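Okay, so here's just one chain, in structure tokens, the form predicted on its own.
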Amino acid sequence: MKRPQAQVAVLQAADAQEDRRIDDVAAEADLKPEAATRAAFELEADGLVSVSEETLEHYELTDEGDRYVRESLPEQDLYEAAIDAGAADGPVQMGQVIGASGLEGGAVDIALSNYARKAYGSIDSGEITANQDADPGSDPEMLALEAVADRRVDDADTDALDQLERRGLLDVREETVRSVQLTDDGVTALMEGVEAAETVDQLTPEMLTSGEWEDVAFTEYNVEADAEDVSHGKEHILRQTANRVKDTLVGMGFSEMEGPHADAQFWINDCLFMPQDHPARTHWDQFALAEPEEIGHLPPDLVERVRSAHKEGVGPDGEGYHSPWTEDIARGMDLRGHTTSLSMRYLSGHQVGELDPPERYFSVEKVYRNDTLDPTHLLEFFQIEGWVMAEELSVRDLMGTFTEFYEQFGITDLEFKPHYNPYTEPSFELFGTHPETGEVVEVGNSGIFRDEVLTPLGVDCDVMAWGLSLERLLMLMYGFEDIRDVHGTLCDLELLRETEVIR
């Protein structure tokens, strides 16, 4: 029997009594591992060897993980500081505890995002409590980090290892190990004698011109053999969905808005008829800028009309809030907590000039809020802002718009619940059902702008408006249960690589 040289070498190096790894066979046969693997599959196809494979996982600490093994996890530091501050007895100001913990920069976000998850305590409205029964010294993730550092991976909790990988504290490399073993037919072939055939694996111009190619035997190729997986860059699934949302809204007749991420409180809150002493306007919910502290210019006439709406109200029955209102606060610069600041700029005519009904505008942009991190909340996220300016609009028009929009993404089970907003009346929230958990998830807020909003802006027709969450739309489309797996510093890269985009 004649076989290609590589196949003969693999046959001779393989064993009939036990599996031998391809790498060992390749070394003994003086072949490259890829050549030995190809030859093994070809021999398997002819029944001369059997090929088996297993997947091995190799764990290595990242630089951040190595630092935590030598020191401690940020959430452990936060817990110890909370205990020292008396948070086991009652709520303590979070800023005080963070300062005492010594945490800075990104370590603060990491500590906050894992503190409640591990039941170390709770974080709410800028205050922190500590669970006296928690035991950070037995933290499964710290124990798993130590096990990996000591090469004792088998001792580590598998769920803890998965969480450490999501946090970027472990690099996990999978290796597929193949082994070969002679079959009875392979043993028989060796006993009868196997000779190496002269084969050629590359066709050259010289062989073509001389005609030599007609007389040589070419090496067979197994096109079904496994190839190496190569991870490559691609557009993030969140950006893909954002672009699809934009295309959908443009197809529904909307135009896109643009505007600053950092803006005056005047545009973010005051134009929305949100009183200056409203809790949502405190530093616990918004991020204020230190530089610049205030905006350079606001239109004086509009400022006066907005001030009047807050103080005296609008129309013969308007009363306003009877609460303090100052232009100094209105000039303060914040990161926008919603993209409705863009809507105020456009509706006022300040951004693109006066608009005449009917008009439709939208934006899909980032907003920033000082929220507690959890599976559905991040400090920054994308808001789908939109509004329609027209005569005689109703809630039915608003609900119909949402039904048409969400149907484009396969979501047909929307629910609506009445809600209160300072700037819309009537108002309602939108909910959808999570495809995996069955839980009802809030996806947005909406309503028809009040006269106290529209009259100062110079708008004398109806405007229905909404703010929807892009990330929660993504959760309903793909079944993601924790938005941190998709977006942010703890995202699951393997999940992002493997998720098939829904068109």
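Please read these numbers as outputs of a predicted model, since none were measured by experiment. Don't overthink the numbering: it's just position in the shown sequence, from 1.
Not pictured, yet referred to below: the form predicted in complex with a small molecule.
The small molecule in the predicted complex comes within 4.5 Å of a heavy atom belonging to Gly447. Interface residue remark: Thr183 is not counted as part of the site for the small molecule in the predicted complex, having no heavy atom within 4.5 Å. Remark: Gln383 counts among the residues lining the small molecule in the predicted complex, judged by a heavy atom distance of 4.5 Å or less.
At least one heavy atom of Asn421 is located within 4.5 Å of the small molecule in the predicted complex.
Residues placing heavy atoms within 4.5 Å of the small molecule in the predicted complex fall in a single listed stretch, namely 464-472, out of 464-472, 431-439, 42-50, 63-71. Note on contacts: among Arg305, Arg369, Arg166, Arg244, the single residue with a heavy atom within 4.5 Å of the small molecule in the predicted complex is Arg369. This chain appears without its partner; in the predicted complex, the one residue of Arg345, His377, Lys118, His338 with a heavy atom within 4.5 Å of the small molecule is His338.
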